[in-house]
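One chain comes next, on its own, written as structure tokens: the form predicted alone.
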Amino acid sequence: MERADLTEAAQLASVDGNWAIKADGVSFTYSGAGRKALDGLNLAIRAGEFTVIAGASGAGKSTFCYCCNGLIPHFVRGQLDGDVRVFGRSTGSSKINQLAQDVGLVFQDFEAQLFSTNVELEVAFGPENFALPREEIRRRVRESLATVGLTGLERREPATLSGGQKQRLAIASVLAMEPRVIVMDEPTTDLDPVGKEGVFRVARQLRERAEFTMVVAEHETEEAIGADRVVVLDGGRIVADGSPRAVLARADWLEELGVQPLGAAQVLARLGEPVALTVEEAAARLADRGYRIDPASAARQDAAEAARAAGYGEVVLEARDLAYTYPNGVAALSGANLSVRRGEFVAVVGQNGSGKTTLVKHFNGLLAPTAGEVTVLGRPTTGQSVLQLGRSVGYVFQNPDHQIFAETVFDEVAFGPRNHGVPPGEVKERVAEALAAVGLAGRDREDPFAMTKGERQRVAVASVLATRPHVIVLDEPTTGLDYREQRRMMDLVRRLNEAGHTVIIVTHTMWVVAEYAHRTVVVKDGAIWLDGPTRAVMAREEELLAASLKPPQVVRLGNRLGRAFLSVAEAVRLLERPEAAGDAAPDDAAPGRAAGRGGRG
């Protein structure tokens, strides 16, 4: 796909010169880095346009975002060549406080953006620094919090909010400044599915009201369907630039770049049919072409899943009438009941602030029940120390940097076994075993803080594995990782489960739930809302929506055809077209079918 694929809005901009952001030949190399983060980038974004910048980690998305508001070159050290202009003003020669009135940036690390003592003050900080009248500040705070769904939390300390609520607060603090350009660097990483939709809905609404130019860096693509334009970066260069339909239709190509493809587009491409972007369009096309679910294949799959469930062992974790109220008075759990058997792979999902993380923190003693009881291997957690519980239940935090502290990978992974009194010789064996399991063998002398986010996540998992727990709990194991890294992490977790570990993950990433978890537990308002085999839970779209959850495209496509598909590969395997034997596929579609049959879902 070449630059000729520009959207109509971008083509008009090239005529009238109404640019909000214009990058001419921009290259940037971070201080001490061996390669360019941006490499000769030429990109112009028209005023009022809603542009999604897609790409894997390291593609240059964040670097471009930093160039837009002057963080590069004023605060981030490195070599900048070329020029970035915002409404004709060069960011390199403009002061940050001048640029802040034109460009608002929501950081990928949104927690680094929050510092005030309550939500209201956080949102008011920007307008106060612009010396606006008090009533105007109040209006902006009120409207911004309403836009992101945080009305009523004005007096809460940001530290007491859930990860998703913090992310929405960071967005509100930028909205309140009412800049002409809003740049969001992966703003949906920690939001529930409906919350993700909300961010992009806000972007579209602002675009329609012609109030803002929106630039959103993202590696998930379903929400990008509603953008004006999608730009794909790879290695700091533009490799695609066009309308969502032109760019997102290339599903398997996007996956190769580390960008999450649209499930509907992938299914149709692999079946050799003309590509569709939405579930409704794809379902109608498949129905028109006579596709149906092969009953024999579906029956075999159901039998295999039933056999797997029958093989689970005894109950290893149980919560009975569990309730928990935080010291600030927030009731996070009320009457939650849950039991987990040995060998299960369970996903715990729910809206931001629903109580998911609060629930799983009871399993290893990080929290103690306000009411009710939690047992591990039949023993109440309240009678055991965190050290004792750590031998049975390992916990991997959402942010590996909250867990990692040692100067070398070896010392980090060895900490748990040493703390449990394991002899030095066995400690060495356990470290080697754990690092091999997570694909980091031979890297035990490296500094974990010099590693990538995905590698640090694997170090955190290894540090838990080295204690040889019965149960592994992973809180948002894919947050901050691109699509390729998410797959690597979840393939690792699947291998651990297949090796005998009981696995519990807390996540908002619904395609991860569909493809990897055998059982799904939905938490809503501090109680268990749904609990069952993942396929059965994914079929209940209305009830999931009531919990602010939305199945991934491929699942919704299957639901419309009569069976929830849990992956693209499964959909391609189960769908058949009876008349296809005497009906050759279109010439231009045949390669897609051949390539897709052997592809990964």
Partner chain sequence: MKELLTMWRHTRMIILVALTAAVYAAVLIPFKAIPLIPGITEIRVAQIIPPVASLLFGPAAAWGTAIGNLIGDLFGTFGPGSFFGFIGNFFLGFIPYALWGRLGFLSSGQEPAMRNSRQVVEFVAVVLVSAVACAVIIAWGLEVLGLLPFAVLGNIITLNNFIFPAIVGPILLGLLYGRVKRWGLLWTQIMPAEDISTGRGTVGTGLAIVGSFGAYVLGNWISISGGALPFAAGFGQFGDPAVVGKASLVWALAPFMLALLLALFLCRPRTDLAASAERGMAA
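Positions refer to the first chain, counted from 1. For the two forms, the rigid core is made up of the largest set of C-alpha atoms that agree within 1.5 Å on superposition. A quick note: this is a predicted structure, and the numbers were derived from the prediction, not measured.
A second form of this protein, the form predicted in complex with the partner chain, is not displayed here; the remarks below concern that form.
S.K.: Heavy atom within 4.5 Å of the partner chain in the predicted bound form: which of 407, 81, 426, 373 fits that? Just give me the one.
M.R.: If I apply the 4.5 Å criterion carefully, the residue I get is 407.
S.K.: Could you confirm whether residue 77 comes within 4.5 Å of the partner chain in the predicted bound form, counting heavy atoms only?
M.R.: Residue 77: yes, in contact with the partner chain in the predicted bound form.
S.K.: Any of the heavy atoms of residue 256 lying within 4.5 Å of the partner chain in the predicted bound form?
M.R.: It does not: once the partner chain is placed as it appears in the predicted bound form, residue 256 has no heavy atom within 4.5 Å of it.
S.K.: Residue 447 near the partner chain in the predicted bound form, any heavy atom under 4.5 Å?
M.R.: Close contact exists here: in the predicted bound form, residue 447 approaches the partner chain to within 4.5 Å, heavy atoms only.
S.K.: Just to confirm the contact call: exactly one of 543 to 551, 560 to 568, 27 to 35, 49 to 57 touches the partner chain in the predicted bound form at a 4.5 Å heavy atom cutoff, so which is it?
M.R.: Going by heavy atoms within 4.5 Å, the stretch is 27 to 35.
S.K.: Verify the C-alpha shift of residue 97 between the shown form and the other one: is it 2 Å or more after superposing the core?
M.R.: Moves: yes, 2 Å or greater.
S.K.: Aligned on the rigid core, do the two forms place the Cα of residue 407 2 Å or more apart, comparing between the shown form and the other one?
M.R.: Result for residue 407: no, shift under 2 Å.
S.K.: Quick one: once the rigid core is lined up, does residue 72 have its C-alpha move by 2 Å or more between the shown form and the other one?
M.R.: For residue 72, whose C-alpha is compared between the shown form and the other one after core superposition, the shift is 2 Å or more.
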